[in-house]
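Alright, two takes on the same chain below, each alone as structure tokens: structure 1 and structure 2.
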Structure 1
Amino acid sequence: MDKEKNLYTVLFAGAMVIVVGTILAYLASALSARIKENERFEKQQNILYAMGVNENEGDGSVDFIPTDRVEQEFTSYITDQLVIEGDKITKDDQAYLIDIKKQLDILKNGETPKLPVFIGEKDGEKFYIIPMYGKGLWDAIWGFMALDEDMTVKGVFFDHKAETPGLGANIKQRYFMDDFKGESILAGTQYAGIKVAKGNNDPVNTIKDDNEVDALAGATITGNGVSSMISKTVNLYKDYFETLRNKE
């Protein structure tokens, strides 16, 4: 066949598409188990990070429990996993695998979502960890928030898919996440969430009763996304939170 003709080019391109597509399909199939395992470990790491179980050193590091230990640590620190489905609360030791994005889509369709809660214990203190999911500037943002029975934040973890490096992407930096510690999601007796506020006159975040943390420079829309994500999540879980606050 004449290699200078268009037919050769078309046939060659078609053959390459088939070969490359076959290789990618094989790799996706062969690695699917490993990918799922890594996703499972990552969720466990993030949940533990929110409740303060990590390997951070110094002031700026964000270091998770290594994958070769995280499953054991998760089992050790997370004492219960619950699923809230309407008025029903059940135990499920696989609740951490629930895809919160899919559950929010179910809610949008008018159906009842399954909302996971992870109960952890560390140094004699009890933590209630909830997942969060929202929208940043460019794409999805998500995370976990750990609370005590008084609705005080004990820790958070945030991550994102495509926020701007050096700006909105800094939601996963240690200095930003640490600002949430000690804040309350209550304003008096009302659930208010926590706002990422520009110009809140508390840049070092010493005021813990204002339901605000200082915004990231140049990342207003991402910060608004975090505020909205927290507010919507708190609203979803507030009935469950009321049961914790009414414990005798």
Structure 2
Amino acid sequence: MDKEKNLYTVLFAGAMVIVVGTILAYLASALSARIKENERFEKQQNILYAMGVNENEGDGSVDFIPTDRVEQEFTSYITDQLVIEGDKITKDDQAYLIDIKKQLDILKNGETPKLPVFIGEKDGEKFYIIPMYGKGLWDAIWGFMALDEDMTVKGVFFDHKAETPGLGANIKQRYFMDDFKGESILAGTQYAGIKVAKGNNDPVNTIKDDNEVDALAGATITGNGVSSMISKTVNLYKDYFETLRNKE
């Protein structure tokens, strides 16, 4: 058949769409179970990481509980999983599967979202872990933050989809995440969140009561994204935190 004929072109395009479509659809459906499982493990790893259950060695590495143990460790450390829906708080041991991004979309439409809280216990200490979701320079950033009853940060975990390697991508580096430990999300009695601040002359973060951590060089917008993600999330969970603090 003549390669330059219109009919051939149309047939070729049709065949190509069918072949490529079949391959991609087959792959997507064949692998989706494994991909889902990997994503589930990752969430458990991240939640545990935020509350300090990890395999970090030295001061540089970020190492999670390996996937073959994570399920078991998750059930042993996380004692309760709560879902806050308006004023209603229910227990749900699948709460960690809630997609916080979808819930934020629901909130945007004016409906009541389901907000998960994970309560962890380690060495007699109680942790309240909340998920966060926001925007960096290029794409989504997200993470988890572990707090105690006094609203002091016990640990955080950040991750990102496509921040610049070497700059914004460093939010998932150990030194940046460790900086948040000990900071309070309260300023006086207000829920202020934590600001990623440039030039606060406190590079090793010795001042823990200023609601600020030192920013990453060259990653202003990602840093600002982290600040606004934290303040937004804290605002969402404010009422729940208030009940925690009043309990004492």
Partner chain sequence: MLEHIELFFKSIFIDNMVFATFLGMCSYLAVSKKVTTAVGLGAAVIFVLAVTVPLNWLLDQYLLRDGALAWLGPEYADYNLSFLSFILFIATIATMVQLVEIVVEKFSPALYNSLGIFLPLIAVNCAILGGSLFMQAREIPSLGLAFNYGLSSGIGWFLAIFAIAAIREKIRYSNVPPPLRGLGITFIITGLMAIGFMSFGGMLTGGDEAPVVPEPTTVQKTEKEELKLDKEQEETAVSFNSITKEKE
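When a residue number appears, read it as a position in the sequence of structure 1, where counting begins at 1. The term rigid core refers to the most C-alpha atoms you can superpose between the two forms while keeping them within 1.5 Å. What you see is a predicted model; the values in this text were computed from it and never measured.
*Asks:* Just one of these is the form predicted together with its partner chain; is it 1 or 2?
*Replies:* Comparing the pair, one sees that structure 2 is the form predicted together with its partner chain and the remaining one is not.
*Asks:* Using the core for the fit, does the CA position of F12 change by 2 Å or more between the two structures?
*Replies:* After core superposition, the C-alpha of F12 moves 2 Å or more between the two structures.
*Asks:* Core superposed, what is the CA shift for G21 between the two structures, in angstrom?
*Replies:* The alpha-carbon displacement, core-superposed, is 2.7 Å.
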